[in-house]
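Below you will find one chain, with nothing else, as structure tokens; this is the form predicted alone, and questions on how it binds or moves follow later.
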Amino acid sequence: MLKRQYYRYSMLAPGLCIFLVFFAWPAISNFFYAFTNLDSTFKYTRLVGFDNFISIFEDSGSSIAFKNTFIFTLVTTISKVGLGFLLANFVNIKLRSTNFLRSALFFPVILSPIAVALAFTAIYHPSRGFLNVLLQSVHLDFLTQHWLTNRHIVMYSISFVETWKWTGLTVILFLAALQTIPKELIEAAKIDGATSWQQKRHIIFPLILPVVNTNIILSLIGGLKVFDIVYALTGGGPGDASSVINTMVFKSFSQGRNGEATAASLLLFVFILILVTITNKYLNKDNRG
């Protein structure tokens, strides 16, 4: 009996060690360093309490980064989930080109974020970019913009790139959920005279609600953690106009202010935890009845 107990623990030990060394210990260390004067050599001499957090909130650039992060998260979550649902319904229809369309929609997901950013840097070029050239060719010159250097629209330009890249993933998840709905339910609703909107509202949407929740949670987390697309497209500029929390963390690390950088990382973790917990609790309210 005793040998059986040891056997179970011996099987758990390798995985537990990997988790503690590569996940638990770095997380605990980051939490601790957020309250120290950790310098560019990754050494600290004393605890500073909440000084790092106070410095973050007193920095005017931080408020812009937090605001941009929440705008980016809101815009991309709504667009990815909304557009993903519409496209999933479209490619769920039997067409000769259905398989091609599904592959084409998922293709951007497998691309490198840096490659995508470089491509869109060219597309967004104010004079030679495809987007402005297209608008000029259809006599819509008044819509042409400096997409990445106009501080009023730069976050929306970046949000479009994020939406283009990741909507394919939400489409695939929605499509998998739509294909699990029994056709008999839809046929019975049609016989009873239900309109297309009534079918979606009373049959399809309640059945795919868990996947809706999953897509919203994934989009929220992805939006709050954004870094690569923003850094590759604008580097946080012009000025701090497109800076987000993770570009602020990167900037702090590069300037040797490691204590503030770890504090900002901890704040981001807390924001994600709170937002995802509240959202998950609200979205699952109906499922729990």
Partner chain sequence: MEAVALLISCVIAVPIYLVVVNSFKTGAEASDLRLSLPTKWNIWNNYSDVFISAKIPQALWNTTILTVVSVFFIIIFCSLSAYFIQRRDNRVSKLIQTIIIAGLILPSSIITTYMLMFDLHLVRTYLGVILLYIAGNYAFLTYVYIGFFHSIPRELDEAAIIDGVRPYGLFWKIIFPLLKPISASVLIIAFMSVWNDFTTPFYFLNTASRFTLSLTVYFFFGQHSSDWNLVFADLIIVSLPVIILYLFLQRYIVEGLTAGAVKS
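Positions refer to the first chain, counted from 1. We call the rigid core the largest set of C-alpha positions that still match within 1.5 Å between the two forms. Model, not experiment: these values are computed from the prediction.
FYI, the form predicted in complex with its partner chain isn't displayed, but the following is about it.
Q: For the interface check, one of 107-115, 138-146, 73-81, 194-202 should have non-hydrogen atoms within 4.5 Å of its partner chain in the model of the complex; which one?
A: Of the options, only 107-115 has residues within 4.5 Å of the partner.
Q: Does any part of Lys183 reach within 4.5 Å of its partner chain in the model of the complex? Heavy atoms only, please.
A: Contact with its partner chain, no.
Q: State yes or no: in the model of the complex, is some non-hydrogen atom of Ala176 no more than 4.5 angstroms from a non-hydrogen atom of its partner chain?
A: Contact check for Ala176: yes, within 4.5 Å of its partner chain in the model of the complex.
Q: Can you check whether Asn150 is within 4.5 Å of its partner chain in the model of the complex, heavy atom basis?
A: Close contact is absent here: in the model of the complex, Asn150 is far from its partner chain, nothing within 4.5 Å, heavy atoms only.
Q: With heavy atoms only and a cut-off of 4.5 Å, decide whether Tyr282 touches its partner chain in the model of the complex.
A: Output for Tyr282 is no: heavy atoms all beyond 4.5 Å of its partner chain.
Q: Let me know which residues along 26-40 have a heavy atom within 4.5 Å of its partner chain in the model of the complex, or say none if there are none.
A: Pro26, Ala27, Ser29, Asn30, Tyr33, Leu38 sit within 4.5 Å of the partner.
Q: After a core superposition, would you say Leu273 shifts its C-alpha by at least 2 Å between this form and the one not shown?
A: Stays below the 2 Å threshold, so no.
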